[in-house]
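Only one chain is included here, represented as structure tokens and corresponding to the form predicted on its own.
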């Protein structure tokens, strides 16, 4: 029942936020997110490290179609649930109160949508994200997948910057197209599951294990199109080249907290989908086309890194860096090695933490200077030592310095890709060099040198800002120094996935 509680509690809390009024909205939402974090921490304390799905809730939902409300957590799921419950309180806390100076798109431009609606959407999205990471029924997975899109669409549309309608429509169209491809693939595999008398005559099953078995029994040609339908759906969400074109504009235009949700948690739906659904459901398709998917992922690493170097807007730079990081995760997953999948799990967590920290840095810069353009800034380190230090640690995690969280994931990912193909590993490894180039150049121009008219009055961090950045910094160092607990939790579930692919 813990899993069900984790899904339902944010929705109930969100409804309370809606009726409580705008003045109390942030306090109630933050308190609810802390309670949700406590529930997930309790689940972790009770979790047994093995390959079984635990804390299961399994109830018939649409028995005539073999659809169950079946949710549970194994090592893969519980880590992503923890990522979600850790980041949401930080995202809520990072949003300035309406009486304080706010960043670009912080309030609905119409002025008619209150704070209660914003925090309701954040909590609603948290519920849907946890549903995605815990669903053990294919149809239920699709429902939660679509539900997660609704609140972020409203957040981007109502609180986004200029041209938000066009940009948000493009984002919605891309993701909806991918979702429909995924639904078609899931329904096709469902129709191949054996008839069961358990729920009535002639009933098939959307249960994840039934879909695994049915998908693996399909012909190579059938698995090929299943592979591409699922890969495109997940590649759009991550996004992976060439399905990435919606991302830079959306990340730049969305309010900062919306961008944090998109980059820190929502894109993990795609990488999670690769591991949980694509690999075990279409093993022959993966063996035939996984190399192509890996090439696309590596091309995306190089393309996004080069484009990031050319950016003058720091928020847009981070958006492109996210494409490069997720490309490496995708490539590591398709290496089909223990190191690749373990590295993918570690890097999903590391990237989520780091990118939320980086986008919060952008928000701090914009709130004080009304710009995130790199050439217009400079000299901030001279007057804000706390900010300079914490920003540097987050940056070092992003560029994978040893003893930071980014290093562990990238090392394992490159190790897995090297086992698959040394040449591909050489190209994928360029992300380390190129990432250092665009991140350190950005830090140098923003933080070092002499102050100017925009930065001379830059104030140091507030208590709330420290309360967001310091936990992020602690996580970056703790996961880098001692990654063993994360790897131990994920390993049995990862091995189970690989055993399905390579029995």
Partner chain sequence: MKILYILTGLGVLAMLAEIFRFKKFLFPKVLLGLLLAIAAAVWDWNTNIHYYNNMLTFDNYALLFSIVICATAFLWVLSSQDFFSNASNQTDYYALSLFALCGAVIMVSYTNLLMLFLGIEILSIPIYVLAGSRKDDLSSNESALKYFLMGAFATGFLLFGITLVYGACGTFDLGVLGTYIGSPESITSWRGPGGETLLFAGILLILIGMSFKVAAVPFHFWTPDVYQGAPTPVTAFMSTIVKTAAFAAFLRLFMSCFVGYASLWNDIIWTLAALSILLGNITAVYQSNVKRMLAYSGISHAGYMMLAILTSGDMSSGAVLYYSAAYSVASIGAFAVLAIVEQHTPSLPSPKGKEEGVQPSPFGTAGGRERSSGGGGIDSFTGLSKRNPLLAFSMTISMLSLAGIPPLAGFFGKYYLFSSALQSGYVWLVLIAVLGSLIGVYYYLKVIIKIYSPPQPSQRDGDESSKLLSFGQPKVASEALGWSITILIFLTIALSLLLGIFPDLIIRLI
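Everything numeric in this text was worked out from a predicted model, so none of it was measured. Numbering follows the first chain given and starts at 1.
Not on display, but discussed next: the form predicted together with the partner chain.
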Report task. Spell out, yes or no, whether the shortest heavy atom distance between residue 232 and the partner chain in the predicted bound form is within 4.5 Å. Result -> no
Query raised in the report: Just to confirm, residue 63 within 4.5 Å of the partner chain in the predicted bound form by heavy atoms?
Result: yes
Requested in this report: Check whether residue 147 has any heavy atom within 4.5 Å of a heavy atom of the partner chain in the predicted bound form, and answer yes or no.
Outcome: yes
Query raised in the report: Does at least one non-hydrogen atom of residue 418 fall within 4.5 angstroms of the partner chain in the predicted bound form?
Result: no
Report summary line: Only one of 174 to 182, 256 to 264, 87 to 95, 337 to 345 sits within 4.5 Å of the partner chain in the predicted bound form by heavy atom distance, namely 174 to 182
Report summary line: Only hit among 381, 368, 164, 376 for heavy atom within 4.5 Å of the partner chain in the predicted bound form is 164
Query raised in the report: So which of 295, 143, 388, 401 reaches within 4.5 angstroms of the partner chain in the predicted bound form, heavy atom to heavy atom?
Result: 143
Query - Within 153 to 173, the residues that have a heavy atom no more than 4.5 Å from the partner chain in the predicted bound form - result: 153, 154, 157, 158, 164, 165, 168, 169, 172, 173
